[in-house]
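Presented as structure tokens, the chain that follows is alone, the form predicted alone.
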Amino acid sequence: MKRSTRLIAAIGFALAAAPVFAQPIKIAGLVELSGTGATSGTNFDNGAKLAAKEINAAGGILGRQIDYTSGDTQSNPAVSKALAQKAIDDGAYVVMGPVFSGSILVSMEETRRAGVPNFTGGEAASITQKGNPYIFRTSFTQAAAMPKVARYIKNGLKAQSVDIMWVNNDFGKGGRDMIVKALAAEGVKVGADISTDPGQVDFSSAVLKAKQSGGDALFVYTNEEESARALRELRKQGYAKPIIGETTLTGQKVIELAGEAANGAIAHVGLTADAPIDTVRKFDKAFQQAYGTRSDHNGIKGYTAMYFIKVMTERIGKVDGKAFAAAMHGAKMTVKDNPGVLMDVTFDQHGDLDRESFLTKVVNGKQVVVETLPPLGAK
């Protein structure tokens, strides 16, 4: 009788314990699937889903499957905040997104209070300057990217003055301030300072201001759809000076929307599916097979972020948000040990990353990498 009791107890314990160990790891996506950020958010979401599928097929993380679910922020900071709270209530281990800087600056306060690690594709420098120990960037901060752009404007284009066209939101304001500072450090003057609205359709007036200015080149810092509209209007009005930007100027979606008007545009990009790197080429092929289109930089951000989660969770040996966040500061991940991260990467104490980046130019409707730039921390 005692033996039967012990056996029943053992079976009961095993049944009770099994679901705990088999429990999936909840990761929540806060992504712009509609509104002005739909292109960015959809790509980010698709990249994250692709990585989760690959990781699960290979055995998951610490033997547990990833349960990735995404909610539409509608490109609205208030909705982003509500979704962040829902993700926390649902027991998310890590939150992915939003991509837009204005949204993450609001929603990350919720994940910070809850002690939940949060990856973002936002580039505004202020995101990681608020002392939040749970925020980690999947892209370069504007403070790191703009000096590279300014150096090219001075040394590559030999420009003495530059006009700036920027979108009037948190993303655009931060980029505008950083490029002005970087240009000043290089001794390059700012000519026309042209503010545009989020979602702006008509760029005729903005382009006319650039044409009437005496600047040697134009720096464009707007979201993807607006960048395409600006490029089309620049071509329509016969603007003939160099057009330079950051990641959002020469991405795949911009090229598709702008058509021939994108040819000649130059940009510094932290991530591109056209990078001459084997792991990136493999990702590009897998993304196209999964979604029937090429990924932009946001897709790579979502993909690599999911692999960052896998690498660091397995490194600490447990699913623990606070331990994960602590381990991320100062972390280094290499492609040799973790191919899914695509490129060797390091994180600093603020949650900003450092890795190689690229100078690209649109040639015959394709983004071409013309130069690979070393990490800022390279000796």
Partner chain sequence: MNELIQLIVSGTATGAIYALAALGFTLLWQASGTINFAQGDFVMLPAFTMLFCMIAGAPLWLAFLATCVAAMLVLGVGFKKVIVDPLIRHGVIPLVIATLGVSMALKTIVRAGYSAEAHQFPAIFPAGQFTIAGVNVSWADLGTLVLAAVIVIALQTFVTRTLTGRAMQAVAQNTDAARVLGIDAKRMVLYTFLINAILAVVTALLITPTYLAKFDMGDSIGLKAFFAAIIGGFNQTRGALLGGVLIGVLENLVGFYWSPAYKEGVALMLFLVVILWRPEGLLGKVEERKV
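If you're wondering where the values come from, they're calculated on a predicted model, not measured in any experiment. Positions refer to the first chain, counted from 1.
We do not show the form predicted together with the partner chain, though everything after this point is about it.
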property	result
Check all three, N338, D344 and L376, heavy atom within 4.5 Å of the partner chain in the model of the complex	no
Listed residue (K181, K236, K189, K282) with a non-hydrogen atom within 4.5 angstroms of the partner chain in the model of the complex	K236
Listed residue (A144, I277, L257, I266) with a non-hydrogen atom within 4.5 angstroms of the partner chain in the model of the complex	L257
Listed range touching the partner chain, judged in the model of the complex by heavy atoms within 4.5 Å, from 132 to 140, 302 to 310, 151 to 159, 207 to 215	207 to 215
Any non-hydrogen atom of A273 within 4.5 angstroms of the partner chain in the model of the complex	no
Heavy atom of R229 within 4.5 Å of the partner chain in the model of the complex	yes
Q200, heavy atom within 4.5 angstroms of the partner chain in the model of the complex	yes
Proximity of L50 to the partner chain in the model of the complex, heavy atoms at 4.5 Å	no
